[in-house]
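Two forms, one chain: they're shown below as structure tokens, one block per form, named structure 1 and structure 2.
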Structure 1
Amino acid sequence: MSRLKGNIAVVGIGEVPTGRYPERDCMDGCVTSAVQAIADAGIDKNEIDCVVPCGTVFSGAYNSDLVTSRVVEELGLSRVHNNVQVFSGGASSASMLKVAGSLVQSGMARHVLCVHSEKLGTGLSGQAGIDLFALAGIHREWEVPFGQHYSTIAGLVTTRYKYETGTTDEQITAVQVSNRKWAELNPNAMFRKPLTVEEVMKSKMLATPIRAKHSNMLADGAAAFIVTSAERAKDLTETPVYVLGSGGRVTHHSLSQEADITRFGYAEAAADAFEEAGLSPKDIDIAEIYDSYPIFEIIALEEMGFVERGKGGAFFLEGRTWPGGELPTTTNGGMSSQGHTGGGGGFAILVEAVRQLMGKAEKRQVPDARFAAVTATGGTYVDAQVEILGNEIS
């Protein structure tokens, strides 16, 4: 158990548009989103006493700048006690929230700035991008020589899941359609044009049965959030967002060591998070689900108890996750439509959950939202993290 329930809150968020921005320096996106978060929190920048930058992968030199406190310098902060980088791939948002919350709860920090910035869209050469997603979390001896990479992993998992459940390609593809419907309402999303099942199914094959438009899209992006105590949060904003429950499971390094490639750690992680929060899936108003490929969004939704195993694809196809549906899901458009920014994939949906619970999501605002479930996933689906957030303490 995280023991953070009701003791910490997110009070400010910031985000720059996601997409391909070759002219936008990565530090510019970082600083811009941080400044937005500080303003949103209603604090003086010098009230920040700890900075937690997320790791980045497009540039070792840029990552070194983050480690050696360049964010502190660029923002002109004067009272920072610690600058500590946290990185666990796509699960980084959950790890950062836990670290920041623990620092606040222990009294080691009062206001923690968590920030992510990345240039996967324009900061990597073509071969560098290929190498990144053919090596990270993929065993050098037993998988790399046989051509394993993230699309083949998604293909393997999707094929097995279809065999076990009878789920159709159309139902799996419906995840992309649902995510795009949300992205159409998101001014920060990379792709905002309507998308159909037929359009996805006509795109070129990547790794059977995964097609090009089933895949996430590499992008540049940045976002930030500020964590403080629940007590302090009440003085800063009328809409603090509290951490109510947290759970996680780390199960393997490479897919070949996963005992069951259609079941990950979400069931156990969610059970812990819901128990701590004192809530159940039926209490949740919004599900912000990590979505690198559609199959993983389906599996997470099922394992967390929102829908029976094998029924997730139909749930998406029936429009029950769309704007106006019974369970709004991945309401920023996810990595398939807002864009994949490395460790920022999970970061973006955490920021989106906070935005929704603060009532600041504008055209895509879910009415009367009180509780959100947020997932984050690291590596080759090795790391399943679940956070329960709320704008009231359950």
Structure 2
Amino acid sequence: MSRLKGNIAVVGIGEVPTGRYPERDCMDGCVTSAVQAIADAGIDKNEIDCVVPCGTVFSGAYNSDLVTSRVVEELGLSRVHNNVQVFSGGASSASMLKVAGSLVQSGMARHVLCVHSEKLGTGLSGQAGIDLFALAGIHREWEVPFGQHYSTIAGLVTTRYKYETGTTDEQITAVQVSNRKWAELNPNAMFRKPLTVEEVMKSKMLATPIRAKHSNMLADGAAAFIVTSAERAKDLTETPVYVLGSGGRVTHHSLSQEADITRFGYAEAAADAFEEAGLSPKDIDIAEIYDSYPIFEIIALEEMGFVERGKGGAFFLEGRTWPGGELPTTTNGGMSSQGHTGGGGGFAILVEAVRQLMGKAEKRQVPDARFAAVTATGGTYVDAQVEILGNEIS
């Protein structure tokens, strides 16, 4: 078990709107969200002694800039000891929080800037986006030659899950509707118009049973957060958000090699995170669950112990995850409504959890929220990452 519980805090966040912004350079998002996070934390920029940029996938050249400290130069940071990229695809946020937290806990760093920016919405053509995600993280010898891509990956998982649990397409689709209810209240989300189950079910079939409106939309976006010690956080803000528990399980690289594509590693990862936090699912006020496709939100909620196996779809359909529901879930609208920014999907949901626990979520603020569970996963759902955050130490 980690020794981070109660010792590490997130003290500032920043985010630019997600969507299609052809005129906004990728570095614009990076700098703007970082400046917001530094201001939100109430620190001087030169107190940042470590920068952790997330990897980006739309451009290898841009990613090389991030690896070679361009963020440090753009922000004029004069006392940075290390610029160290941490990249685990969609699970990068969890890895970055663990790395940044560990650097602070060990004394290697005091104030760590974690930042992500991506230009998948306007940095690539539509077919180039499809083709990129027919290769990214998919085995080039054993899966690519058979036409595997992310729609089929979601299709394979959803088909088997439906077969084992009897869950209906309508129940699975309810995740999209729930996410949209939240996105309607989120000014940074790409899609904010109300969405119905019927509308999703009428959309074009891509790879059975996945339809166009079960899919996320590639987008431009950026966000940032600042990590420091719990002790330092007390000087900076009245609303530090503490890391209370962490768990993770890496299960596979190629989806075809995973023995149970209806569960993955969420049960074990959540058990570790809850044990460290000394909490259980019933203590959690908000579930910030990584989606990218609806089935992954259902599987994560079930495996983590929030709802019985096979009942997750109904849980969404009955509105129990909506604003005002018993378990507010994915309150930024998820990647299906906020937009898919590569490694930023998990990043956005982590920033949203912090925003809620700081009480800064405005129209979608969950009243009196104390504890949130946050998930992330990378690539072809290769891992299950769970973080428990709180605005008090459990």
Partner chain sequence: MTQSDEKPNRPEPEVSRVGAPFWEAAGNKKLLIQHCKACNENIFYPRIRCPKCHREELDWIEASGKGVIYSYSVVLNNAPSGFLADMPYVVAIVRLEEGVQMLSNIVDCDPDTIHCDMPVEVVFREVGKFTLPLFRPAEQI
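For numbering, take structure 1's sequence and count from 1. Just so we're clear, the structure is a prediction, and the values are computed from it rather than from any experiment. If you superpose the two forms and keep the largest set of C-alpha atoms that fall within 1.5 Å, you have the rigid core.
Student: Of these two copies of the chain, point out the form predicted in complex with its partner chain.
Tutor: Structure 2.
Student: Can a Cα shift of no less than 2 Å be assigned to residue 106 between the two structures, given superposition on the rigid core?
Tutor: Stays below the 2 Å threshold, so no.
Student: Once both forms sit on the same rigid core, is the C-alpha displacement of residue 126 at or above 2 Å between the two structures?
Tutor: Residue 126 C-alpha, core-superposed: shift of 2 Å or more.
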